[in-house]
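Below you'll find only one chain, the form predicted on its own, shown as structure tokens.
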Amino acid sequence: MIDVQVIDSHTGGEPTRVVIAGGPDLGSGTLAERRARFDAACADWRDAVIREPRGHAAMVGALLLPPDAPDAAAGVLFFNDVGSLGMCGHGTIGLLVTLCELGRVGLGAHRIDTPVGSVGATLHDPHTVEIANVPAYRHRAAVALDVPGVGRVVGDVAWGGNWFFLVHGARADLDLAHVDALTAEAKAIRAALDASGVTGADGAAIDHVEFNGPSPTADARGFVLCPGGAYDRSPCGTGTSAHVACLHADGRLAPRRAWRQESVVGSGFEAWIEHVDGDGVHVRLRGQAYVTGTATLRFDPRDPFRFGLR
């Protein structure tokens, strides 16, 4: 019998499950090295924690680990139902609120180590977090794709902690009523990216697709398809960062100007460029998270679905 202790939260409607005890032994080394071991050997454990019947496709896990740097508040490895993530904006917000709930951090500035770099995170109150993301940048502009069943699509390839394809053209259908159609179209675009050999830097797979459109209450409303095929209920922290980097590259967003991104469920992140570094931008964004529960997940060896539904 194996037990895993977790604390669940949501950031703008998107769930985060922080594993505080019972995680796999990933050995020593950097978080990037430990991430590689996780990806190579921990698929059963990952699926058991994230997938049904204990979780669901939209959930993101956050495995607490010793940080790379001794002055960091925590190290974290984010993962979903298909693999690990380099960074997760909504998950970092949820993580810091969870660490506050545990009494491990107080109000003020903290450092969180991730496999793709350190992230600054400031807890303004028990629910409001401002993060200083890893540098974001546009890798390729105006990439054209012929997407079966959709037609010709043009978009930018950008990095915001994960790789994104941001589709050009404002959309008016970014709401809950159109989620199924948006998901199908985004999946077709992602398949076309793979088939066409369009990648991020160094051949990295583009595993997120983002649509944007107008909002009556924010600067933009977005829809993000996550790697496992679920849509992001939050505005997506790494997606917002990638969007901001593209806006800056086009001369449409100056440093320090606030940009509010809204999700398809109506939640919002406020983002701004703290400073420019070469072709990249250092984005800060602010959002809120709330703890929704604590649990001990039990994995009985007699349970035929102990590794989740696949």
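This structure is a prediction, so every number in the text was calculated from the model and none was measured. Quick note: we count residues from 1 along the sequence shown, nothing fancier.
From this point on, the text means the form predicted in complex with a small molecule, which you will not see here.
Enquirer: Using 4.5 Å between non-hydrogen atoms, is R138 touching the small molecule in the predicted complex?
Expert: No - in the predicted complex, heavy atoms of R138 and the small molecule never come within 4.5 Å of each other.
Enquirer: Using the partner position in the predicted complex, report whether S234 sits within 4.5 Å of the small molecule, counting heavy atoms only.
Expert: S234: contacts the small molecule in the predicted complex.
Enquirer: N162 versus the small molecule, in the predicted complex: is there a non-hydrogen atom within 4.5 Å?
Expert: Residue-level check for N162: yes, a contact with the small molecule.
Enquirer: Should C88 be counted as a contact of the small molecule in the predicted complex, where contact means heavy atoms within 4.5 Å?
Expert: Yes.
Enquirer: Within 4.5 Å, heavy atoms only, which of V119, V157, C226, L193 is in contact with the small molecule in the predicted complex?
Expert: Looking at V119, V157, C226, L193 one by one, just C226 meets the 4.5 Å heavy-atom criterion.
Enquirer: Taking the small molecule in the predicted complex as the reference, which of V281, L63, C246, V60 has a non-hydrogen atom within 4.5 Å?
Expert: Comparing distances to the small molecule in the predicted complex, the residue within 4.5 Å is V60.
Enquirer: Looking at 178 to 186, 80 to 88, 197 to 205, 145 to 153, which lies within 4.5 angstroms of the small molecule in the predicted complex, counting heavy atoms?
Expert: Single hit among the candidates: 80 to 88.
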